[in-house]
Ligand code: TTP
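The chain below stands alone and is given in structure tokens; this is the form predicted on its own.
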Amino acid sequence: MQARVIMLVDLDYFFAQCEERRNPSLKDKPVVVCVYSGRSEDSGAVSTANYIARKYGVTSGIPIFLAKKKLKKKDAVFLPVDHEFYEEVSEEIMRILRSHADLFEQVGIDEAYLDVSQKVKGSLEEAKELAQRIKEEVKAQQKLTCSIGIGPNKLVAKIAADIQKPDGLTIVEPEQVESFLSPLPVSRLIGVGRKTKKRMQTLVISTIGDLAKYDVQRLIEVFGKKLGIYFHNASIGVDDEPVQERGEVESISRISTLKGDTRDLKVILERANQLCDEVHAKLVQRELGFKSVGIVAVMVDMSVRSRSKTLENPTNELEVLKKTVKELFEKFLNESELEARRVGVRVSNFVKEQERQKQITNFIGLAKN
């Protein structure tokens, strides 16, 4: 059986790099891209910063006023997030990446997995050459750098991509997986946030190697069966999850900043329902029905969380949209302890309204017979 060869392509400090591309005079200055809350001139948080700003301790999620304090007298540039522009650039780059993959999975505006197993015939040497070609193509066409991790699965490729940044390329061979993961802090694993990290510290687990040596039954007792088994498998680099396309490419979405950071469902739904109205108006205008509904939440630490649901039948009903969005936010708030700063609503998996009506008519006709 041919070995899997998976790449994770991560666009370096993406928002700030887009701004440097748009205005090359920013390249030698600290650049900070911010999500402004609108409550005051400096209220809000840092979305991302270029590497010059990072040298002074400016990181994603810190308050804008603190970033300004750290960059006092440093000729820093503070800019608001321009999602529309970043999405345009992202779409062009994803098109390049997709053309080089056997299987493709975009996992964010600035990240994508590529399964290139067939393309490189399982050869890591060929994968390295392909990764370098991808980097050159992205740089030539979009004037941006990216970091690429290559490994036998998604988990290893993701961690490898973070090792050398910016403009890095890290390859982990199957036989190197455990020695590569072992010395890394346990927080490098997806699913190990601040709270889980603290719990692991009480178990004297600080590195991925410590976790690998820990008794799996004890992990199940502490974290539950699903998470316990996941943590054990992840610590030894086992991940069978396939690279796969995530839903329809085309979608209609709206996102908005809340008046205050909150976990209050009523407050979140008040804004989300307004976004549903805006999305629905666009659907009506384009004569579309939808089958998939998604929500997104930008948390206080600037992490982006999303949930989605696929309906049994396509619809264009506003009430169905609002009801599904409510269900998704209820579920999401039960699973997350952080407060939300921004919320969004998305619909996809479209059907032309004419076709949907035809399906309904046919169904009624069959029922009568």
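Position 1 is the first residue in the sequence shown; the rest follow in order. Everything quoted here is computed from the prediction, not taken from an experiment.
Not pictured, yet referred to below: the form predicted in complex with ligand TTP.
Residue-level contacts in the predicted bound form: of 332, 36, 56, 51, one residue has a heavy atom within 4.5 Å of ligand TTP, and it is 51. The stretch from 63-71, 332-340, 41-49, 307-315 that comes within 4.5 Å of ligand TTP in the predicted bound form, counting heavy atoms only, is 41-49. When contacts are judged by a 4.5 Å heavy atom cut-off, residue 165 counts as touching ligand TTP in the predicted bound form. Under a 4.5 angstroms non-hydrogen atom cutoff, ligand TTP in the predicted bound form lacks residue 115 among its neighbouring residues. Using a 4.5 Å cutoff between non-hydrogen atoms, residue 239 does not count as a contact of ligand TTP in the predicted bound form. Under a 4.5 angstroms non-hydrogen atom cutoff, ligand TTP in the predicted bound form lacks residue 19 among its neighbouring residues.
Residues 10, 11, 12, 13, 14, 15 are the members of 2-37 with a non-hydrogen atom no more than 4.5 angstroms from ligand TTP in the predicted bound form.
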